[in-house]
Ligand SMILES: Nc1ncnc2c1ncn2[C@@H]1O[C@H](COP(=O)(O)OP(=O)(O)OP(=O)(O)O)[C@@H](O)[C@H]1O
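Just the one chain here, laid out as C-alpha cells, in the form predicted on its own.
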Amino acid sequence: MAGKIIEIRGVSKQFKNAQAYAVDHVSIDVSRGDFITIMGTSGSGKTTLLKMINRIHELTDGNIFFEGQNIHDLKVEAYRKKIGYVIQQIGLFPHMTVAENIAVVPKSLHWGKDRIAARASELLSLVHLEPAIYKDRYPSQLSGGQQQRVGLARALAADPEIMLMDEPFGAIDAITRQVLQDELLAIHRKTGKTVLFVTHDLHEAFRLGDKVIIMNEGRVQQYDTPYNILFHPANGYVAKLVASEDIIEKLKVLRADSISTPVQVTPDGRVPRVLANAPLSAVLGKFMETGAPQIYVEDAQGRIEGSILWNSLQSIASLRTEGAEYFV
C-alpha cells in the first residue's frame, strides 16, 4: 500500500541541562517502501531523530505519526514490535544461538516453534548464511560481518513495517561493508521494507538512499535525492559538504536507477545492460566499452526497468568537457 508511513511534524529534542536543541523543529514525511539515509557529522542530530521515531527518546516538542496514528497514543511495546532496529554494536545475546537470537521477537508474539524455526531458516538464507551451518552457532563463533547479518535477520524476524538502522556497518572493514551494502539493497528490493538508515559516511548515504536527509546542528539542511543533493545543493552547508566530490566520485556513488527512464520494450540483445544498483561510473565504463548510444537498466532477475541514453549521462556530469566524448 502506497502513501506516507511516517510523518514528522515540528519535532524537537532538548536534553536536560543542554543549551541547544539536539533536534530542532524537524518536519519530514517518509513514504512506504522508501529507503531513506540520514547523514550528518557527530552531534548533527541524526541518531537522536532515529531514537525519537523508536521512542527511545521522547519528544520535547512536535508530533510523530506512524500510519496516521500519533505514536504517543500507542503502547510503546506494541509499537516497537512493528519496528526492526539494527545498531552498530549489533547487540546479539551471547548466551543464545543464532536461531535463538532471531527468535526473540517472534517468541514474544507467541509464534509456534515450527513457525519460528521456519522463519529463522528463511531469514538466514536471505542474509546469505546457510541455516544448517549457522543456526546453532553462538555470536562468539561469528565474524563481525556475520554477526551483523544475524542482527539484520533478527530485526526482520517479525516482519516489521519499518527498519531503523543506526550506523550498522560503521565498525566493519571496507570490503565487508560494501558487500553488506549490496546485500541490504537486494533485501530492500525483495521485501519492499521502509528503511531509515543513519550514517556519517557521505558515500554510504548516497549509495544506499533513494532519498537522503542531510542534517547539521539538529536541523535538516536538505531532504532530496542523491542526484539533486550532488548537483543542486539547497544551501551553502550542503554545497560545501559535496564540493570535495569530483565528477568521478559523484559517478561512483550515484546508482544507475537514479537517472534511468522507465521503458516497456521488447528486449534487444544488442543493447548492453547494467544492474539497477550499479554505480554510474560502471555505466560510463559500459558506454566507453561498447560505444552504444543506450544501455538497459535491469533488476536482479534480468527484467528491464529502464534505460539510460549517453546524452543523459553526459549532460548530468558535463562529461563532454572532460573529454569523455572521445570514447563514444
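Quick note: we count residues from 1 along the sequence shown, nothing fancier. All values reported here derive from a predicted model rather than from experimental measurement.
Keep in mind that the form predicted together with the ligand is not shown, yet the notes after this line are about it.
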Please pick out the stretch from 38 to 46, 66 to 74, 294 to 302, 277 to 285 that is in contact with the ligand in the model of the complex, where contact means heavy atoms within 4.5 Å. 38 to 46
Heavy atom within 4.5 Å of the ligand in the model of the complex: which of E167, D257, E183, E161? E167
Assert contact residue (the ligand, in the model of the complex, non-hydrogen atom within 4.5 Å, options K252, R219, R189, H200) equals H200
Would L309 count as a contact of the ligand in the model of the complex, using a 4.5 angstroms cut-off between non-hydrogen atoms? no
Given that the partner is absent here, does V11 sit within 4.5 Å of the ligand in the model of the complex, heavy atoms only? no
If you check in the model of the complex, is L313 within 4.5 Å of the ligand, heavy atoms only? no
For a quick check, can you give me the residues of 13 to 37 that have a heavy atom within 4.5 Å of the ligand in the model of the complex? F15, A22
